[in-house]
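Heads up, the chain below is alone and in the form predicted on its own; it's given as structure tokens.
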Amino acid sequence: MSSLAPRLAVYLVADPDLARVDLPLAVHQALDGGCTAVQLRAKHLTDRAMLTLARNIREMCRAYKTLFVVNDRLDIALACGADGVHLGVDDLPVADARRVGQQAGRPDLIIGYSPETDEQAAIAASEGVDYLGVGPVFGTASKPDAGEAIGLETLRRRAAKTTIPVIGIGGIETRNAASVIGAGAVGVAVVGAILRTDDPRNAARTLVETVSSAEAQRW
């Protein structure tokens, strides 16, 4: 198993548009509950506001020794000192992102990628992405442009076709997280399951326990 896999177990997509409470507070509580990775996804902030928020969350993640990545924006990821960047099919190509990271003195930059097809997943793996985010596994209201749910069988197929870690995303919550791990994912990426609760700390803790139990049963 990749050394990165355990750090992807419970992966919070932190979106200020979707948090029930102040986002930094929700992230801090989720980290305290055991969340293993945080991705900042901020589609509607100015660059300056996003950088300020990214630096704030980066410091929290460092304190908890938790992985921190930035969605889409390689420039913000490099400027704030994030561990990595997460790209989609319409973002900067993986090979170019890797080259820019190396030029910036970050050959260790973690690059995640969200493929929409098996072919895209294979190409991304050949280009050296560190993990894949596959989904939406179930229907989701947290990302309007996410497309139709792909289901567990597509997740299972894509996970089986690659040696790099795969995380499931889209409509995942405590009641179905174990099935995502059972389909071959090393972790679950969630938004509402943590951010839309009254207690992000407990929500994260419950997801961590669920994923850990499912992992133990699989192995």
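Just so it is clear, the structure is predicted and the values come from calculations on it, not from any experiment. Numbering starts at 1 and follows the sequence shown.
Unshown form predicted together with a further copy of the same chain; subsequent notes refer to it.
Looking at a further copy of the same chain in the predicted bound form, residues 55, 78 and 92 each place a heavy atom within 4.5 Å of it. The closest heavy atom approach of residue 44 to a further copy of the same chain in the predicted bound form falls outside 4.5 Å.
When contacts are judged by a 4.5 Å heavy atom cut-off, residue 147 does not count as touching a further copy of the same chain in the predicted bound form. By the criterion of a heavy atom within 4.5 Å, residue 74 is counted among the residues contacting a further copy of the same chain in the predicted bound form. By the criterion of a heavy atom within 4.5 Å, residue 122 is excluded from the residues contacting a further copy of the same chain in the predicted bound form. With the partner left out here, a further copy of the same chain still marks one of 190-198, 176-184, 156-164, 65-73 in the predicted bound form; by a 4.5 Å heavy atom cut-off that stretch is 65-73. Residues are counted as partner-facing when one of their heavy atoms sits within 4.5 Å of a further copy of the same chain in the predicted bound form; in 97-127 these are 99, 100, 103, 104, 105, in sequence order.
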